[in-house]
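Take a look at this one chain, the form predicted on its own, written out in structure tokens.
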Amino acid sequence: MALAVMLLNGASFHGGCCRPKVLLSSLGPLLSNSKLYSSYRRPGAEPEKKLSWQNADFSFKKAIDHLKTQLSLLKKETQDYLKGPGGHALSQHLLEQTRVLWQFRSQEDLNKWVISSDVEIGGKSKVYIKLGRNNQAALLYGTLNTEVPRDGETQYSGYCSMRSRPAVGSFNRKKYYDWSNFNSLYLRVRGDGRPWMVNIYTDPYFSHQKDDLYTYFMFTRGGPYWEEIQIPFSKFFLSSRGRVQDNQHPVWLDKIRTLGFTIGDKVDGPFQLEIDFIGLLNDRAHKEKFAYEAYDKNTPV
């Protein structure tokens, strides 16, 4: 254990000292249940008979198993990288017209998504997700409540959302979706007539951009019939913390982190949205690069 702590605290690379994420990931299961600090003891209570390091879980088998799993993931990633973009041959990548990103056929498919609502800020909206009829779609449903929490600070409430989990590579590395070979988002949904916001989150270069997202609207028509919706990426506009930004630019399609859906139309009551699949489309007929005016910051005087 002392050796593990020395490795974590004393490892250095060229250009400065840091804690290697690879080592932290591989030794995580070993150090997860360890008490390397002296816990608080009430006055008058007898001290523990065991030292703090004796309570550590020396589960080397768990650490080795975790390391094997990460190495197998790294091997697969390397093979896909050598094969071509996205694990496909270059010719197939260049000729690819469509790609299915998510489809909902099992509970495992639902576990790739996270739901949230204004309950996080004290609201009263409720949202749930489950498999639809015959396990052929994801059913997102709940109740929207726009009542503002009485905390003296919150001014708006009433939203529910569904968001994909960020992709993670081997050794807990960040992994991005590369959609640069496509120009449209393609979905097959069945809604109740209420509008939704489709949100694309990219990886920011600076910390002050962590709340930036690209948004466009998806209007469902309601009724018993499914509809296929195509949303060009050129229509997505930049917003931050609910405010549309003056400086607009196209989506960074090579650094996509997550995709999400949000309902917040300020109408109290039940809602539901069924999603069959979410995919990408390369529409050769769509020539628009960006739908919004881009301002020149360095206008000559």
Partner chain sequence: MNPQAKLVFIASLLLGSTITISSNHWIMAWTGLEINTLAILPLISKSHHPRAIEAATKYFLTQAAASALVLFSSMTNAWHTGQWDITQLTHPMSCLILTSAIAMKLGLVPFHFWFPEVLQGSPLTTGLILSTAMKLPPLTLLFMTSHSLNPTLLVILAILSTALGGWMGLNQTQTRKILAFSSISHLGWMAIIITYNPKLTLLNFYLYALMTATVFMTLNSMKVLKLSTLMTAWTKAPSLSAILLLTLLSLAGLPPMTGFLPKWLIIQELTKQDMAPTATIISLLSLLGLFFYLRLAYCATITLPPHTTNHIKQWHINKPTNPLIAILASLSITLLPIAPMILTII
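In this text the structure is predicted, and so the values were computed from the model without any measurement. Positions refer to the first chain, counted from 1.
What comes next is about the form predicted together with its partner chain, which does not appear here.
- The candidate spot formed by Leu90, Pro204 and Arg284 lies fully in contact with its partner chain in the model of the complex, as each residue has a heavy atom within 4.5 Å of it.
- Interface membership of Asp109, defined by any non-hydrogen atom within 4.5 Å of its partner chain in the model of the complex, is ruled out.
- Contact check for His249: a non-hydrogen atom falls within 4.5 Å of its partner chain in the model of the complex.
- Using a 4.5 Å cutoff between non-hydrogen atoms, Ser157 does not count as a contact of its partner chain in the model of the complex.
- Residue contact with its partner chain in the model of the complex: Ala63 places no heavy atom within 4.5 Å of it.
- Only one of Leu95, Val168, Leu71, Val100 comes within 4.5 Å of its partner chain in the model of the complex through a heavy atom, and that residue is Leu95.
- Though its partner chain is absent from this view, in the model of the complex it lies within 4.5 Å of a heavy atom of just one residue from Trp113, Tyr214, Trp196, Phe104, which is Tyr214.
- This chain is displayed without its partner chain, yet in the model of the complex the stretch 253 to 261 from 271 to 279, 63 to 71, 253 to 261, 228 to 236 comes within 4.5 Å of it by heavy atoms.
- Along 169 to 193, residues Asp178, Ser180, Asn181, Asn183 each place a heavy atom within 4.5 Å of its partner chain in the model of the complex.
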